[in-house]
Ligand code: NAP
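What follows is a single chain, given as structure tokens, in the form predicted alone.
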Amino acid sequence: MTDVPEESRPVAFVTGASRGIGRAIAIELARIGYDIAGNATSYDPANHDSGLGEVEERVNETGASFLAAPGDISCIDDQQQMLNAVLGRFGRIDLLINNAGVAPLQRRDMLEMPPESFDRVIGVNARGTFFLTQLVARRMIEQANENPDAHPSIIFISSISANVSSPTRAEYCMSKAAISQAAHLFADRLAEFGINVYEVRPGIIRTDMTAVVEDKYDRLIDEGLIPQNRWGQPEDVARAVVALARGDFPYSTGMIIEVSGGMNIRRL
């Protein structure tokens, strides 16, 4: 871990931090010197084996501080409460990681998709992410105005589903396309304040979300779907986030990094 004095440590707010990609991002950011505010829908402080409690243990092992910020990102009131908690503990937010999201409860042909599934997925992934970013961005602008040397940033975790068709989960693809466009829009709007915005676009990553279709993806990978011929791991995505969080791409706001093992390569 980078040795950073506690009073000057940057703070990352990671949504969906209790497992999978969000968990890996929180831990890797702690290792490079960030204090972490981790969000999930629930938090049991007595549980150190899973969820935010386990992430808290891992983050603390690095010497970083951790704040559990439970709440539903699709709920506007929860968003304000989470922001208040983060600012009350750390007084700042230097990095927002928009990672939280849900998949359809059931994969169904788009011709049979019920409105309830559409509303749920869009409500969390697109609407929730947009308005949380709006809220945090306002605070980041205040920080930038108070301190011209401050350069907070925002990273959206989208998906190759933003531009790859999956007709059995149309609502998810549409939500990720919306997130991708939100990243584009916020990058444009916030550039004048020195706030860089990026999109990290994972491919097929081994998480709880993909476990339900593990056999399908195993078969597709064996058949050559991915040039690098393996599942992605949450740590692969976290490494891309770390490069952005370190400030390695200061002149590249709006950039998309795809972490997909080469699925972006058009092949015959």
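Numbering starts at 1 and runs along the sequence shown. Since the model is a prediction, treat every value here as computed from it, not as a measurement.
The form predicted together with the ligand is left out here; the points below concern that form.
K.L.:
Any idea which of 186 to 194, 157 to 165, 109 to 117, 144 to 152 reaches within 4.5 Å of the ligand in the predicted complex, heavy atoms considered?
P.N.:
Heavy-atom contact with the partner occurs in 157 to 165.
K.L.:
Just give me the single entry in L67, I204, I32, I221 that has a non-hydrogen atom within 4.5 angstroms of the ligand in the predicted complex.
P.N.:
Spelling it out, the residue with a heavy atom inside the cut-off is I204.
K.L.:
Whether R19, G71 and T210 jointly form a contact site for the ligand in the predicted complex is the question; each needs a heavy atom within 4.5 Å.
P.N.:
Yes: each residue has a heavy atom within 4.5 Å of the partner.
K.L.:
Is there a non-hydrogen atom of N47 within 4.5 angstroms of a non-hydrogen atom of the ligand in the predicted complex?
P.N.:
Contact check for N47: no, nothing within 4.5 Å of the ligand in the predicted complex.
K.L.:
Is A100 one of the residues lying within 4.5 Å of the ligand in the predicted complex, judged by heavy atom distances?
P.N.:
Yes, contact at 4.5 Å.
K.L.:
Using heavy atoms and a 4.5 Å limit, would one call Y172 a contact residue for the ligand in the predicted complex?
P.N.:
Yes - in the predicted complex, heavy atoms of Y172 and the ligand come within 4.5 Å of each other.
K.L.:
Is T41 close enough to touch the ligand in the predicted complex, meaning at least one heavy atom pair within 4.5 Å?
P.N.:
Answer yes; at least one heavy atom of T41 falls within 4.5 Å of the ligand in the predicted complex.
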